[in-house]
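What follows is one chain in structure tokens, specifically the form predicted on its own.
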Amino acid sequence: MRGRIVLLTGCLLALGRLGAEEPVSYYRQIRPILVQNCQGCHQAASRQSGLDLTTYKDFRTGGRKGPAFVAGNPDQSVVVAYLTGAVKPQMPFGGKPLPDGDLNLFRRWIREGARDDTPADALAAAPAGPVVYHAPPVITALAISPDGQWMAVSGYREVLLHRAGGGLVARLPGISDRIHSLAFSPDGKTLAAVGGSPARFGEVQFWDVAARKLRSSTVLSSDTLFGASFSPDGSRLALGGADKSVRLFDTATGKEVRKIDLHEEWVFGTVFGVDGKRLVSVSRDRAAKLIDASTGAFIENVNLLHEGLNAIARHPRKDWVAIGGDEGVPYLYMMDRPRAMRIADDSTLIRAFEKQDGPIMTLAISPDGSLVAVGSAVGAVRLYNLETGRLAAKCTGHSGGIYAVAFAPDGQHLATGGFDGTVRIYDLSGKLAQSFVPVPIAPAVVSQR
């Protein structure tokens, strides 16, 4: 009899343990909510209300209203008051209130002691202050302002703003591990930086170029973003994402105005048409899709499908687009079909250029529309005559893949960047005019024994 009682007691205790809720994890449950909904405004680059939410320590410290939470007491915690709307304005500011499930997680976590369970290796990876470089980082994006005065180059968790041709002027920090796309607005006043952290989030930043100030940052999706392009009037920004979407943002407000789900794979590039009423997006699903920019409606595929597409560029005065990808062949297409579509129709194709040494990663068309620059994962950057398709020049000297190319507004030079972390500037004959590492490199530490 006693044995049965002991066994029954043990079973009841086990059932009790199974029914108990696991403690809420800051790192796995609270932090992702902060990243998706709050860090766009509350990070080191902006610190709205004096609040930085990028680390547990900064979250605990709080901002102008004092500490963000009181461990053990959610009802006395500022963060709960703002998230529930008990204190105005309700957060996230200008966004949808958090669902009840997320609010309950915050309450439970604070009630359970608001403990920090951030792994030690994650703490070590988070930089305190400006990034210190011991080697040049891979350059995944660069852009030159319309007046030719500024060059923006991607770094690790920051954008490096240079005077065109070299000379670091400002470091623009963000929360994205990598910036995949940079674009200046047509008036040169705004710089858009698009990127994210793999398998965590995507981020869209809008910077005031003159003030070197972050105007807005929006964190969205659960993976990185790519391929930013401004509309001709500068009022909208288009971009692609690993979530297979194309998104449109209002430049003035920094707010998302439309999400377009037409692709079946990651979207790597976007361009608007000359009048801004249509846009074309390219994806590794092989399609260059023509889209109504005002409604998000699919119009048609511009191209005959070959292999995954990584890059797109538009002619400055015509609705012609250069596209390229894994096949290694650059193609020039017109956005408007000259006749009714037929099966396996490639009537929009103007010409195919020669195959590159590797997959095409980046493209740019010169300001006068005469040349297309092609950067691939292997070999030199090649310049082709857009009208004839003939090779005009080779830009050599790179070590590894090329991920970014941009013509200067005067049309006389081409800037490139890629795996080796060096910006190179060439004239149109392919002659190297200048090269520089865009980040400050810390001196090597010599051990004293």
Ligand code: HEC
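We call the rigid core whatever largest set of C-alpha positions still superposes within 1.5 Å between the two forms. As the structure is a prediction and not an experimental result, all values here were calculated from the model. All residue numbers are counted from 1 along the displayed sequence.
The following text describes the form predicted in complex with the named molecule, which does not appear among the structures shown.
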item	value
Sole residue of Q412, S49, T396, N385 within 4.5 Å of the named molecule in the model of the complex, by heavy atom	S49
Single option in A380, A392, A408, C41 placed near the named molecule in the model of the complex, where near means a heavy atom within 4.5 Å	C41
Complete contact of L34, G66 and F93 with the named molecule in the model of the complex (any heavy atom, 4.5 Å)	yes
In the model of the complex, segment of 72-80, 232-240, 292-300, 152-160 with a heavy atom within 4.5 Å of the named molecule	72-80
Any non-hydrogen atom of V219 within 4.5 angstroms of the named molecule in the model of the complex	yes
Touches the named molecule in the model of the complex: L53 (any heavy atom, 4.5 Å)	yes
4.5 Å heavy atom contact, L371 and the named molecule in the model of the complex	no
G101, heavy atom within 4.5 angstroms of the named molecule in the model of the complex	no
Members of 298-315 lying within 4.5 angstroms of the named molecule, judged by heavy atom, in the model of the complex	none
Is_shifted F59 between the shown form and the other one (CA, 2 Å cut-off, rigid core)	yes
Cα displacement of D102 between the shown form and the other one reaching 2 Å, rigid core superposed	yes
Core superposition between the shown form and the other one, C-alpha change of A408 at least 2 Å	no
In the model of the complex, whether the C-alpha atoms of Y82 and S176 sit closer or farther than here (change of 3 Å or more)	closer
Change in CA distance between T54 and T140 in the model of the complex, which is 3 Å or more, as closer or farther	farther
